[in-house]
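A single chain, nothing else alongside it, follows as structure tokens in the form predicted on its own.
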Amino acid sequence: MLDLLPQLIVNGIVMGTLLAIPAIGFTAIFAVLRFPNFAVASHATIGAFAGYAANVGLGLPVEVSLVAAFLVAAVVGVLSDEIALRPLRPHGALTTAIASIALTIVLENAVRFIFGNDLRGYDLPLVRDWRIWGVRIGPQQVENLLLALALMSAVFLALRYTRIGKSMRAVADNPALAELKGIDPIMIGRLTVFFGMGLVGAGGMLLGVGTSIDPLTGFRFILPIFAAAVVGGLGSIPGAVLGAMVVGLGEELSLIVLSPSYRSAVGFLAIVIVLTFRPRGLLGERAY
């Protein structure tokens, strides 16, 4: 089994990079709005199906379909947050988090009503995998990896150099002080939900491109997404990336000693181990 180690490491790096995109969206929303929004599961599904509609229904390439996945998930994210979650936020983080679980069930069933329960695949060209030093990797995997890295680079540049990004960081650090400085926390919250859920939708599509999608696509990935955010440190964008790599590599390397059916337990295990020694996650709670 150890002869498969290089292949598992490559697969883990690719999976970790793809997981990082929705994990960044999840942790950004947590940092600004102070509650875990489990509706990311349904928004990952919505993004995957929006990308599918653009790719298969309209015949658009994956790169353009990814933009559709981002925008549709972002708009649905803002609308659902305004209607279902924002009125509950004054009642506390726990109430809002529970409501987000109910919201994700409603939205996933809406997707099921529109698209049905069948497995669906994207319209991708059939190409042979590349074999490099005995390690196989598909051209589509490389493209997904590059798209994910481009999204991550855009997020880091936007947070560091744009006015909106700096305002998000200010609200995440201290909402009261940011408001005194003239920043509208409600508007920043809406923008955070827009970009956060957009990233979740784009991540849902990238995760679905490599396999297939159905209305439970996001539900299957919610545990590794949540684990990545917690392991890295809730509220930390670099932590979400680091946590995603830990979970992605951990899931793949676990195949050396575990059956694939236990793969999803790696997320739980990572949370338990990391929080035992570092209760605030690998990079703590420092926002962005």
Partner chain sequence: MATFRPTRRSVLAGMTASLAAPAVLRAQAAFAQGGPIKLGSLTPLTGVGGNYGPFMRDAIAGVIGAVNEAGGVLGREIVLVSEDTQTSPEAAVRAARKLIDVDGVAAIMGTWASSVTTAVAPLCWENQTMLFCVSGADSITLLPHRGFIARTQPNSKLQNDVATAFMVDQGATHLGWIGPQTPFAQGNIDNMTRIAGENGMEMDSLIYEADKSTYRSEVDTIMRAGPDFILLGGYTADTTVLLRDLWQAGYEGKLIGPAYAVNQTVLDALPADVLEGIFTWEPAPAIGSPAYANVQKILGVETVDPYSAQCYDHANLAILSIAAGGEATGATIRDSLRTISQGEGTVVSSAVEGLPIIADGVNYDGASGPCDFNEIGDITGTQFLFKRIEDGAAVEFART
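Remember, it's a predicted structure, so these values are computed and weren't measured experimentally. Positions refer to the first chain, counted from 1.
Not on display, but discussed next: the form predicted together with its partner chain.
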**Prompt:** Any idea which of 126 to 134, 70 to 78, 94 to 102, 183 to 191 reaches within 4.5 Å of its partner chain in the predicted complex, heavy atoms considered?
**Reply:** 126 to 134
**Request:** May I ask you to state whether residue 220 is within 4.5 Å of its partner chain in the predicted complex, using heavy atom distances?
**Result:** yes
**Request:** With heavy atoms only and a cut-off of 4.5 Å, decide whether residue 153 touches its partner chain in the predicted complex.
**Result:** no
**Request:** Give a yes or no for residue 57: in the predicted complex, does one of its heavy atoms lie within 4.5 Å of a heavy atom belonging to its partner chain?
**Result:** no
**4.5 Å heavy atom contact, residue 53 to its partner chain in the predicted complex** = no
**Request:** Scan 54 to 72 and write down, in order along the chain, each residue with a heavy atom lying within 4.5 Å of its partner chain in the predicted complex.
**Result:** none
